[in-house]
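There is one chain below, alone, in structure tokens, taken in the form predicted alone.
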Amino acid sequence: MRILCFVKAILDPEAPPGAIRFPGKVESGDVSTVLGPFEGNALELALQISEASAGSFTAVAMGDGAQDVALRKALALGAGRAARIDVATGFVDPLGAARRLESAAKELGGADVYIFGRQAGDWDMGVTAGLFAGLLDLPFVPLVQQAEVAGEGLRLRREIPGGYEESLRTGPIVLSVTNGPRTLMRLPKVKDVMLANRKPIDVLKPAEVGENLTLAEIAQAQVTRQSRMITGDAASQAAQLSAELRRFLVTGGGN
């Protein structure tokens, strides 16, 4: 099976408090980038399918050179090829991202299985995979936790509210992968990591697409706490509490 696995590196979520600032935009200073959490799940599933079908997979990222961290990880885990769509870092409109990924997928020759992480670990929108499937007019199966090769197709197991759903799918398909025991990313061997650092990464020119969303401003949430003592007998306390709750519902907690 031909497999394209889309990955993304994000700012390290374990960076010290205050290392990433939001004065209307994101300022990260010297914070390093790491592979996004759900991208690890996607890579593991891509590797499992490629091993079971005696094939390989191509890893694709979108962004500047900081994305090479994710692509090197994919190469260390067994990707046969890595490609990066060269665009500026920062917020990217999900539909614009899906359109650029669609163009890159066609340039790379297409695939039988397109694999995404459940959602990016920074913006957490979780819609790019579905938009990508729509652009290619392909079926989309989200929240996959297990995939097994079954003849020319895949037997998929995914989360649904209160349980699981299993299905058999054939033909080109788009998957988003979530965390689970079967999608826990394995650790690459030291030898493979060293070899991955010497492998080439293809740089693709991004498709010209319009932006439907632009980031106007981003700011850190300001949390305030207020409290006061309610006194008096039980009836008085109940009346005061009722009045306070009504005020809160009307004002949203403001003064």
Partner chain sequence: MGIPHRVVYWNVPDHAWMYLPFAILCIVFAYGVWRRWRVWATGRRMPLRPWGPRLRRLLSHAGLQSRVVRRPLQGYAHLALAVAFVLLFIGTVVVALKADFGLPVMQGAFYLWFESATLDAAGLAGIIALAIFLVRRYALRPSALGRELPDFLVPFTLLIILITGFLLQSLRIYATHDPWGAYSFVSYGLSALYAAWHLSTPLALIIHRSLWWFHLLLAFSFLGAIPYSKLFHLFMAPVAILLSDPDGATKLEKLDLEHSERLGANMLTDFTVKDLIDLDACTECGRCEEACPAFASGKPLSPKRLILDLREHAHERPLEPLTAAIEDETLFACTTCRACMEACPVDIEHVPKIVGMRRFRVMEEGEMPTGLAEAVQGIEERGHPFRGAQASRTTWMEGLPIREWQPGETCETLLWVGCAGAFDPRAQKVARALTQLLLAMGEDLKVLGRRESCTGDPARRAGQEYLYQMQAEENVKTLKDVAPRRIVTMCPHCLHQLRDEYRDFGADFEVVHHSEYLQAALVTGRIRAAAGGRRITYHDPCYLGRYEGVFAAPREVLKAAGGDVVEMAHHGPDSFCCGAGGGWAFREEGVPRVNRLRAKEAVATGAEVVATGCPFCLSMMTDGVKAEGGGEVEDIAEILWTQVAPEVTAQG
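Heads up, when I say rigid core I mean the largest set of C-alphas that superpose within 1.5 Å between the two forms. Numbering follows the first chain given and starts at 1. Computed from a prediction, not measured in an experiment: that's the story for all the values here.
Below: the form predicted in complex with its partner chain, not depicted.
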Heavy atoms within 4.5 Å of its partner chain in the predicted bound form: which of the stretches 31-39, 60-68, 226-234, 210-218 has them? 31-39
Contact of E14 with its partner chain in the predicted bound form (heavy atom, 4.5 Å): yes
Is A52 a contact residue for its partner chain in the predicted bound form, using a 4.5 Å heavy atom cut-off? no
Counting only non-hydrogen atoms and a 4.5 angstroms cut-off, does K191 reach its partner chain in the predicted bound form? yes
At 4.5 Å between heavy atoms, is V203 in contact with its partner chain in the predicted bound form? no
Can you pick the one in R84, R118, R100, K73 that has a heavy atom within 4.5 Å of its partner chain in the predicted bound form? K73
Within 215-246, the residues having any heavy atom within 4.5 Å of its partner chain in the predicted bound form are none
After the core is overlaid between the shown form and the other one, has the C-alpha of R225 moved by 2 angstroms or more? yes
